[in-house]
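In structure tokens, one chain follows: the form predicted alone.
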Amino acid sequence: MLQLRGLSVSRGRRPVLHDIDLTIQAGEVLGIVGPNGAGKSTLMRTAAGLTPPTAGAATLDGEPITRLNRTALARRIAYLPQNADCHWPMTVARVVALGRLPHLTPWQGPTAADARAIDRAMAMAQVGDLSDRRIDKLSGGEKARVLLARALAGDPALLLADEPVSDLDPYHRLDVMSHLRRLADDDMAVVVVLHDLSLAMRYCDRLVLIDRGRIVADGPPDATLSPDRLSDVFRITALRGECEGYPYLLPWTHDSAGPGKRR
């Protein structure tokens, strides 16, 4: 579905991403992991067509993203940025309805199909009971779920979610990841940036590990988060195991020597 080939991004003279090759396919949950400042958010913005690469290209179904009509691109890709917020005094229902805008022509009102998509997205994110409340009066975790619902309301083929569970309590973290898993099972392509390595191990089909703007590993979660890579990239050791058929990884000790002491 989405291919990145030889992709590099710089901010001024500072390189952020280096020669990224990555293929994202329908039906999978692809997790992007790596330490702070590794380039994960820049990768997501570039994949969404919001940050132009300085080299290489991103293609969607074989067509360069830069040549796609912005409305057509918005219908196919939903992007949920890191620390997304909404300060407008709007009800939750109206905020979620904004996710349908790419499907509407100017001055067109929502159709019955739009209403069904909005209801379905609100149910997925468990925000139906917040429908009539103002979003600027909600907690951080509630806002995060509303903005996820807005992204899902557009029925995208590809969802790019940058740390969608960072503000959520444990119950809603598991719930949101379960929903993303089901979306992929229904043939959506889901790309999610995660700092929670336990969730990454459990819910992702594939993990891409980024460090200092480069892809260090791309493969099954257990192989990508090998003990050596956890030590070299994250400077931690972890406990591993399996429970009820699911693998888990629990960060346990850290290397206090500092980044300059990496092996």
Partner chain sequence: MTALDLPARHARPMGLFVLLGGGTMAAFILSLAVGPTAVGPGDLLRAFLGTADGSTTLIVWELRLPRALLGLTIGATLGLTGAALQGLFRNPLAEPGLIGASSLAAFGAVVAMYFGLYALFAAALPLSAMVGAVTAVMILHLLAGRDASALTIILAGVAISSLGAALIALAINLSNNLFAVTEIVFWLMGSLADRSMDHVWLAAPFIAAGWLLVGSTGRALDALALGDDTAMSLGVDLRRTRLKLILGTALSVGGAVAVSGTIGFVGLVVPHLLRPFVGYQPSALLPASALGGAILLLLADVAVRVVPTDAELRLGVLTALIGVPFFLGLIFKTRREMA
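Keep in mind that what you see is a predicted model, and the values were worked out from it rather than measured. Positions refer to the first chain, counted from 1. Rigid core (definition): largest C-alpha set, two forms, superposition within 1.5 Å.
As for the form predicted together with the partner chain, it is not shown, yet the points below apply to it.
- Message: Exactly one residue in Leu180, Ala121, Val193, Leu147 has a non-hydrogen atom within 4.5 Å of the partner chain in the predicted bound form; which is it?
- Response: It is Leu147 that has a heavy atom within 4.5 Å of the partner.
- Task: Could you check which residue among Leu168, Leu138, Ala157, Leu104 gets a heavy atom within 4.5 Å of the partner chain in the predicted bound form?
- Result: None of the others qualify; the residue that does is Leu104.
- Looking at the partner-bound form in the predicted bound form, is Gln126 within 4.5 Å of the partner chain by any heavy atom? No - in the predicted bound form, heavy atoms of Gln126 and the partner chain never come within 4.5 Å of each other.
- Message: Taking the partner chain as it sits in the predicted bound form, is Ile77 in contact with it (heavy atom to heavy atom, 4.5 Å or less)?
- Response: Yes, contact at 4.5 Å.
- Query: Even though the partner chain is not shown here, does Ala217 get within 4.5 Å of it in the predicted bound form, heavy atoms only?
  - Reply: Close contact is absent here: in the predicted bound form, Ala217 is far from the partner chain, nothing within 4.5 Å, heavy atoms only.
- Using heavy atoms and a 4.5 Å limit, would one call Ala93 a contact residue for the partner chain in the predicted bound form? Yes.
- Query: Using a 4.5 Å cut-off on heavy atoms, what residues in 33 to 53 are near the partner chain in the predicted bound form?
  - Reply: Those in contact are Arg45, Leu50.
- C-alpha of Lys137: shift of 2 angstroms or more between the shown form and the other one, rigid core aligned? Yes, shifts by 2 Å or more.
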